[in-house]
Ligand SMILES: C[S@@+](CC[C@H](N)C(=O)[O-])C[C@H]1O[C@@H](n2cnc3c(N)ncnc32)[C@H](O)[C@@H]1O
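Below sits a lone chain in structure tokens, taken as the form predicted on its own.
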Amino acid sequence: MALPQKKYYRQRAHSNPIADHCFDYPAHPDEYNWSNLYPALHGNSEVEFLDVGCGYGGLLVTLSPMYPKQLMLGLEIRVKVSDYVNDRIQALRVQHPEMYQNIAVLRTNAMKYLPNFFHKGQLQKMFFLYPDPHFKKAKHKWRIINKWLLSEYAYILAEQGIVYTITDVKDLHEWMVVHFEEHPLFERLSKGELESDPIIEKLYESTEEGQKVTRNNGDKYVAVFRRISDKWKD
């Protein structure tokens, strides 16, 4: 089974996350049948890594063999792009029967339905790689990182869970850093902590967008945050 070709799945880069779309979603996380996405799933395993706006699935494919015991899910709002990722995963599973069983993609709107799919404290890692910058000030409310959504991310993240962000837009990087640092349930990781994390280097080149930035000699800005305890510090 050959890997899909991106030229047959091209779609406009931007999608209005506020607009009404037709999505199926469960009323409660327990009502979703995950075996449809992970047919080799056994036991009560739950998704632990979540790539929000996964694009063409590069990060999922990169991390899958690194963390074979963790279920990973990519969320993508664009129809053709999510179709590509799904076809890519299916082809990889056929080519490598013992691999890539732990990754999947789901077309949904992460700004609306995350609590429908994930329990409180379920996720260990979340990724926001090259999110849409929505440059116009009037559209900043569409940015995937904002003070309201951060509380939702804190809800589905386990304590000590990690959020990874990278962008080539300095203004967006500063926006994300400010919002995370102002939120009481997140703290930024130190440079030393980043150096010891094997995932960090994968953020730069694993995605199509990251490779495009490299080709254009653009800058890349990384910021990583930890979900701290619900207990207020003295």
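One rule holds for the numbers: they count along the sequence shown, beginning at 1. In this text, all values refer to a predicted model and were calculated from it rather than measured experimentally.
One more form of this protein should be noted, the form predicted in complex with the named molecule, which is absent from this view; the next part is about it.
Chemist: Quick check on this chain: which one of 172, 54, 63, 47 has a heavy atom within 4.5 Å of the named molecule in the predicted complex?
Modeler: Contact check passes for 54.
Chemist: Which one of 71, 158, 111, 91 is close to the named molecule in the predicted complex, taking close to mean a heavy atom within 4.5 Å?
Modeler: Only one listed residue qualifies here, and that residue is 111.
Chemist: Residue 129 near the named molecule in the predicted complex, any heavy atom under 4.5 Å?
Modeler: Answer yes; at least one heavy atom of residue 129 falls within 4.5 Å of the named molecule in the predicted complex.
Chemist: Within 4.5 Å, heavy atoms only: does residue 78 come near the named molecule in the predicted complex?
Modeler: Yes, residue 78 lies within 4.5 Å of the named molecule in the predicted complex.
Chemist: Applying a 4.5 Å heavy atom distance criterion, does residue 144 contact the named molecule in the predicted complex?
Modeler: Within the cut-off, so yes.
Chemist: Heavy atoms within 4.5 Å of the named molecule in the predicted complex: does residue 207 have any?
Modeler: Flag for residue 207 set to yes.
Chemist: Using a 4.5 Å heavy atom cut-off, indicate which stretch of 32 to 40, 54 to 62, 177 to 185, 194 to 202 touches the named molecule in the predicted complex.
Modeler: Among the candidates, contact is made by 54 to 62.
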